[in-house]
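Okay, here we've got a single chain as C-alpha cells, the form predicted alone, with questions on binding and movement later.
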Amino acid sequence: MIKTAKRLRNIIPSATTEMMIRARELKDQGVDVIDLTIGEPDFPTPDLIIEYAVTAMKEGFTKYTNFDGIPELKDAVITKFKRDNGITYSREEVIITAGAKQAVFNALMAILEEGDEVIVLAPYWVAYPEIIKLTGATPVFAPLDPGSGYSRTIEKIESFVTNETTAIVLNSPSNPTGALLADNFIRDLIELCGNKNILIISDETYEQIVFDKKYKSIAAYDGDISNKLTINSMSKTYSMTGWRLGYAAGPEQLIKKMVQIQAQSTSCPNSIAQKASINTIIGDQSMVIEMREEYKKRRDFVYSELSEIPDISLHKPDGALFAFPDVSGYYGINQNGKTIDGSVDFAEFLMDQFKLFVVPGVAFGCDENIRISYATSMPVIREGIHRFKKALAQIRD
C-alpha cells in the first residue's frame, strides 16, 4: 500500500462539491433533479471577455508569465482597489493567483506553523478549516449570532484569542449566510487585531454582489494595510469561475512569501485569463451591474418564499449567492422510518424524496441550517422552492 501523509487524515471533502457531483450523476441518468447546491453563476462569461481572451491567444500570449502575475494586470488590480475601495497599493503589494482559493492557501501556508491557531468566524466557507489543517495549524471557530444578523460582540471574539493566534479569516458578504459584517464589529476587530499583532485575511470574493448596502473593504476602514490581506476573484464578479483567476493585496513582506509558495506550486496563473482580465477590470462594469440586479431579484424571491414557511427562520442575505435558512424546527421527526436528526439527514430527505439538492449546514459549521444557492435560473429556483415547500408540508403532516 502506498504511504500517504498524516496531514491528510483529518481533511474533510467539500460537501458542496460532493452534493453537486451527486446531482449531476442523477441528471446524467435522466432524473428530474433540481440542484441548488453550487455557488457558480449561471450566466455565461460575457462575450467581451471571451473576445479579450481570443485576442490574447491570437497574439501568442500563451506562455509562462511572471510567478506573481503580469505587471499590466497588477496595475489593473491597483486601479480597481483605488476606484472601488479607495485603497492604494503598489505592484509589490499585489499577487495574481489561480483563483481566490489559491490566494487563501498561499497566505496561510506563508504564515502558519504547527501549533499556530487561526480564528474562523462561523458559519464559514468549507475550505478555510481544511487549508488551515493542511498547514499543521489549528482552526478555532468563533460562532456568530444569527439573531443579530451574524454579528458578535468583540469581547466574545477576543475570548477565542490566545498567544498562538496568528490570523483571523473574514468572509463578507458571507458564503454561506450572505450576511455583511457590521461596521462597528469590523472597527473593533481591526483595533483588536492591531493590538494583538494578528493578521486579518479578508476574503472579499462577493464584494460586487451586495444588494441593499454599500460595501466597504477591510483596509478602507483605516487605510492601514500592515496587518490586512485582501483577497478577491474574477470568478463570481464576472462569471469566470473556470478561468481560475484571483488576486490578493497586502503587506509587501507577506506578498513576497506568497509568491515564493506560488513559484513552487502552480508557477503562474493562466496567461490567457490574465490578459483577458486587464480590460475586464478597468473597463465598463455594466455587465457586473446587470448580473447583480438579476441576483437581487432571485434573492428577493427566495427570501420572500422561505419567510412564509412555518418554523423556518433566516437572515435576509445582504449579498453573495446564498440563503441559509434554519430548518432545525423540522428535526426530530420520523420520515419513512428514519428520524431527521440534523442537516445531513434533512438534505438527504430532500434528495431522496424530492430530488432536490441543497448543502447541509454542518459543512459550514452550523448543523441547524441548510444552504440554498440562487446562482441559477428563476425557473429552477421556483421549482426548487416548490419542492422544498412540499417536503416541509410532508414532514408537518
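Model, not experiment: these values are computed from the prediction. A residue's number is simply how far along the shown sequence it sits, counting from 1.
Keep in mind that the form predicted together with a small molecule is not shown, yet the notes after this line are about it.
Participant: So in the predicted complex, does residue 327 come within 4.5 Å of the small molecule, heavy atom to heavy atom?
Facilitator: No, no contact at 4.5 Å.
Participant: Considering only heavy atoms, tell me if residue 299 and the small molecule come within 4.5 Å of each other in the predicted complex.
Facilitator: Although the small molecule is absent here, residue 299 would stay clear of it in the predicted complex, with no heavy atoms inside 4.5 Å.
Participant: Can any non-hydrogen atom of residue 150 be found within 4.5 angstroms of the small molecule in the predicted complex?
Facilitator: It does not: once the small molecule is placed as it appears in the predicted complex, residue 150 has no heavy atom within 4.5 Å of it.
Participant: Quick check on residue 165: any heavy atom within 4.5 Å of the small molecule in the predicted complex?
Facilitator: It does not: once the small molecule is placed as it appears in the predicted complex, residue 165 has no heavy atom within 4.5 Å of it.
Participant: Since the chain is shown here on its own, which stretch among 218 to 226, 131 to 139, 67 to 75, 232 to 240 would lie within 4.5 Å of the small molecule in the predicted complex, judged by heavy atoms?
Facilitator: Looking at the other structure, the answer is 232 to 240.
Participant: Could you spot which one of 200, 255, 100, 108 gets a heavy atom to within 4.5 Å of the small molecule in the predicted complex?
Facilitator: Residue within 4.5 Å of the partner: 100.
Participant: Which one, 274, 262, 280, 205, lies within 4.5 Å of the small molecule in the predicted complex by heavy atoms?
Facilitator: When the small molecule is considered in the predicted complex, the option within 4.5 Å is 205.
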